[in-house]
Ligand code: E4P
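The chain that follows stands alone, in the form predicted on its own, written as structure tokens.
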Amino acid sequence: MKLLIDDANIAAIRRIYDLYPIDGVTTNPSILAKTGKQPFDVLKEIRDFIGKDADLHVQVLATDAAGMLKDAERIVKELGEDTIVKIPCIPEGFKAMKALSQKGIRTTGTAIYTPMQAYLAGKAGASFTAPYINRIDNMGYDGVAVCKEIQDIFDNNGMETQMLAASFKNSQQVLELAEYGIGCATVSPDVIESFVANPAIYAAVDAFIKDFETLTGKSTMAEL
């Protein structure tokens, strides 16, 4: 499973990239707005940092297919043709996905709350679909279960579209979907940090060091 950062804060992205095995970055208009900077300035800085081979997902703003195509063309012009364009899974969005697929531009169907949206995005040629796990939970449904249902639809119909699960509230949701074999998850920096935020882990490391120091008077193997 690919692991992506769902954020546009370059400092947070640099920290997570430094510590963890990361495959790319996803953004949306709300995430970009939080930076307080011009969107393409932020996105170009992210692209320069993560490199051209890492996944970068950037969302259109237009709500009609023609406008989405224009947005998509500007996105790939500014950020590189390997950039993945996020398209909302609404009727005009499916139309745009079909057209962009024919142009060889990869897309992610986003704002997904139902398996049918994901199925239609896959049929329209989307490379990825992004169900909102926590937002589905907040509507009274089971976001992880919906994500698994979508994966089953893709597998059972031989569809090449990958899952890009989004909107996580805890590490257990990510782990459960990793166990199920979904393609990708995009996770906020604070949730990624929580993956190993267990006092028992650090207590074990401290105990190892203390025992080693008792034996050798040194704190590392390099000091021997």
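Counting begins at 1, following the sequence as shown. Everything numeric here is computed off the predicted structure, so don't read it as measured data.
As for the form predicted together with the named molecule, it is not shown, yet the points below apply to it.
Annotated contact segment (heavy atom within 4.5 Å of the named molecule in the model of the complex): 163-171, selected among 163-171, 64-72, 177-185, 40-48.
Among residues of the shown chain, K98 is not one whose heavy atoms approach the named molecule to within 4.5 Å in the model of the complex.
Although the partner is absent here, T107 is not a contact residue: none of its heavy atoms lies within 4.5 angstroms of the named molecule in the model of the complex. Shown alone here, Y119 lies farther than 4.5 Å from the named molecule in the model of the complex, counting heavy atoms only.
Using a 4.5 angstroms threshold between heavy atoms, F94 stays clear of the named molecule in the model of the complex. Between the named molecule and the residues I150, C89, A130, V85, the one pair within 4.5 Å by heavy atoms in the model of the complex involves A130. Annotation for 18-53: the only interface residue with the named molecule in the model of the complex is N28 [heavy atom within 4.5 Å].
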